[in-house]
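A single chain, nothing else alongside it, follows as structure tokens in the form predicted alone.
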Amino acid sequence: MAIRRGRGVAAINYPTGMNLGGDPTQALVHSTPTGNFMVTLSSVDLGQGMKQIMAQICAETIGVPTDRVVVDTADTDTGPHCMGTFASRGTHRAGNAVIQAAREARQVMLEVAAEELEVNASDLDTDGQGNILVKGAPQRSISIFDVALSAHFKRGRSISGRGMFLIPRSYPDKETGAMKPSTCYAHACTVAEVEVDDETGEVTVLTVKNVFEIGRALNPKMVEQQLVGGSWMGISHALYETTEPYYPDRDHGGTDFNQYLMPGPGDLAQTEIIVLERPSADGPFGAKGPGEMCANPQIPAVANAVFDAVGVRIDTLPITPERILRALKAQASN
């Protein structure tokens, strides 16, 4: 009986969004009378940071600091239509819609500024700090605060915009059934190193090294946090989590979170994250959707590492000590 070490590799690709009905998402952007901007969406922030990313996208498009943008995710009665927050679609679909709405709002803002400065709107640009400048003559400028006041109380203009992103619909080929379910895919590869006690069946994940290709990381620190958390979730799915350990029999299944098995801080492996940026042609500033993919490649990588360590293939999750021991026993009897 011994502690055996193994290494497993797995690579995946993951579609961003879906094909159903063009997978549309809408966004509205408008200025307050004091030059802040509101983004209205029905896309919901589930904790993944959507509000922050949408604020960044809007701010970059209009040309204002991010702290001048507020994102309201409202609901499906009061907000513009969205298919939902799922399928790793939020950044890609809502981000594109926000860009369209912000561009329209920016154009109105520049037109109002042009009237105040007595120039053409095409001669103006923003400095990213809350001001609008005449190109080539930056001493001639006006604050976005003053432009918003003028629009609301002098010019009678609404600094606002509407955006809707819709992917080209792909229909199955009548002969082959082939179709294109997504316009862009994210990719990942994981290498997991484990130790398996062949007497107890216990698995210890030593290291997990992940490489993710996600288009473009719009907020690198948030991306890193999500990918690290996702990697830990993948380990949890691979080795711990189940509500029905003897499916389809419900016996011994956890009935609440006190009984639901998940790894604690002492069970988490040393984790390395590498992000590759290959901007998507149709992504907002090149971004794809890393959301669900981040917890996927660890599962087959751990399964492959267990096989490498003790020579048995476990094809049912989670990979529990009992399943490993049963597989070893079956292998020895053959």
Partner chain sequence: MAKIPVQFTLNGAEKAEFFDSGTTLLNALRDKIGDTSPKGGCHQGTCGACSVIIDGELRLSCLTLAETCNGAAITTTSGLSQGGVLHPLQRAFLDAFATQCGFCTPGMIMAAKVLLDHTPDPSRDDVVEALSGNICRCTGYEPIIQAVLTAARSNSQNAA
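Residue numbers count along the first chain shown, from 1. Everything numeric here is computed off the predicted structure, so don't read it as measured data.
Below: the form predicted together with the partner chain, not depicted.
Annotated contacts: 33, 119 and 129 are all free of the partner chain in the model of the complex [non-hydrogen atom within 4.5 angstroms]. Contact with the partner chain, judged by heavy atoms within 4.5 Å in the model of the complex, is confined among 156 to 164, 251 to 259, 107 to 115, 143 to 151 to 251 to 259. Interface membership of residue 96, defined by any non-hydrogen atom within 4.5 Å of the partner chain in the model of the complex, is ruled out.
Although the partner is absent here, residue 225 lies within 4.5 Å of the partner chain in the model of the complex, judged by heavy atoms.
Using a 4.5 Å cutoff between non-hydrogen atoms, residue 38 does not count as a contact of the partner chain in the model of the complex. Contact between residue 264 and the partner chain in the model of the complex is found at the 4.5 Å heavy atom cutoff.
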